[in-house]
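Take a look at this single chain in structure tokens; it is the form predicted on its own.
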Amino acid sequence: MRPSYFHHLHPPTIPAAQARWRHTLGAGGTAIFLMLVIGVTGILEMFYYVPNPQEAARSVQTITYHVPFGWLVRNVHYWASQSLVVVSAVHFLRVIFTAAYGSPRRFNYLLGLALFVLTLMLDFTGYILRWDMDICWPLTTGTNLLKIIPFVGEFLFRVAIGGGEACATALLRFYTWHIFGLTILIVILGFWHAFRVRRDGGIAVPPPTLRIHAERISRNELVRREILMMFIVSIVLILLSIFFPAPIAPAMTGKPNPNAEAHAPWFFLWVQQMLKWGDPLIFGVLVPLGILTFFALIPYIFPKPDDADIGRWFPKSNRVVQVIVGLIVAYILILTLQR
């Protein structure tokens, strides 16, 4: 088969052992495909969405109930966004638990971490664009957390919502961040991340002299697997969209008064649980930033894993990292599931 442009985006061959699904979990390729799905469905929604506080929620209802197949486009967009958060987290943890973060991949590891943070921000801003009764509490709480950050809090607050009351004036600013600011950053860093994967030698593997299996697969086989993965993911997204519609609530009118049922998006529920414990600066800002800083410093404060361990699940040479990261993940999951 004559290689296409899509084929040439891949290396001619890659090690077969590290190309297996049980090694990669298909997370990197799935994340790229989900980004494409989010982009296409988001553009279709833009034809009907009105970024105006008086009309935004009604335009979402119009997309859902009146536009032909609008419900499907919106639901696919929603589930692709939620799936991207999960898949990005899995991909990031896979890199850590297979010791694939050491030199020369340290910088690309940071790019991947930045992409994960931007994905959370993109999902949160998309959540706010519903502009219904359910979004006021998380919007107010999130922007107030920005405000209490020492020295730069007021500046970040103005950047985020442009001043005024969050639930009254922030919609257009969040729409701009969602459509342009965050999306452009993700596209740029995404291309840079993919370029660095190729530049750093492709998927992380031991040096040739330490490899147990010398078998390699061609780019044609790799593309075949990726197309199969895209087909499976598409089916899952459609089934989720049919049986589990995206949340929708009455339009936000007047001055919203959050009730006891108000809650953050699922990926920030763990922060919401910590806010019940006391000082919001500590539990809403410093603890999440501390966890993020720890993840960023992993390649720099821990010894480089042994060459023979690179590309293997749970190698002994980065056991300390595995234990600490595992405890952090368990901590976040427990708090999230308490809701």
Ligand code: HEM
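Everything numeric in this text was worked out from a predicted model, so none of it was measured. Counting begins at 1, following the sequence as shown.
What comes next is about the form predicted together with protoporphyrin IX containing FE, which does not appear here.
Check 29, 84 and 91: does every one of them have a heavy atom within 4.5 Å of protoporphyrin IX containing FE in the predicted bound form?
Spot residues vs protoporphyrin IX containing FE: full contact, yes.
Could you tell me which of 107-115, 238-246, 152-160, 134-142 sits within 4.5 Å of protoporphyrin IX containing FE in the predicted bound form, going by non-hydrogen atoms?
Among the candidates, contact is made by 107-115.
Contact between residue 95 and protoporphyrin IX containing FE in the predicted bound form at 4.5 Å, heavy atoms?
Yes, contact at 4.5 Å.
Would residue 35 count as touching protoporphyrin IX containing FE in the predicted bound form under a 4.5 Å heavy atom rule?
Yes, contact at 4.5 Å.
Could you confirm whether residue 164 comes within 4.5 Å of protoporphyrin IX containing FE in the predicted bound form, counting heavy atoms only?
Residue-level check for residue 164: no, no contact with protoporphyrin IX containing FE.
Do residue 225 and protoporphyrin IX containing FE come within 4.5 Å of each other in the predicted bound form, heavy atoms counted?
Residue 225: no contact with protoporphyrin IX containing FE in the predicted bound form.
Of the options 73, 204, 146, 252, which one has a non-hydrogen atom that comes within 4.5 Å of protoporphyrin IX containing FE in the predicted bound form?
After the contact test, the surviving option is 204.
I need to confirm a contact call. Of 173, 193, 219, 130, which residue comes within 4.5 Å of protoporphyrin IX containing FE in the predicted bound form, counting heavy atoms only?
It is 193 that has a heavy atom within 4.5 Å of the partner.
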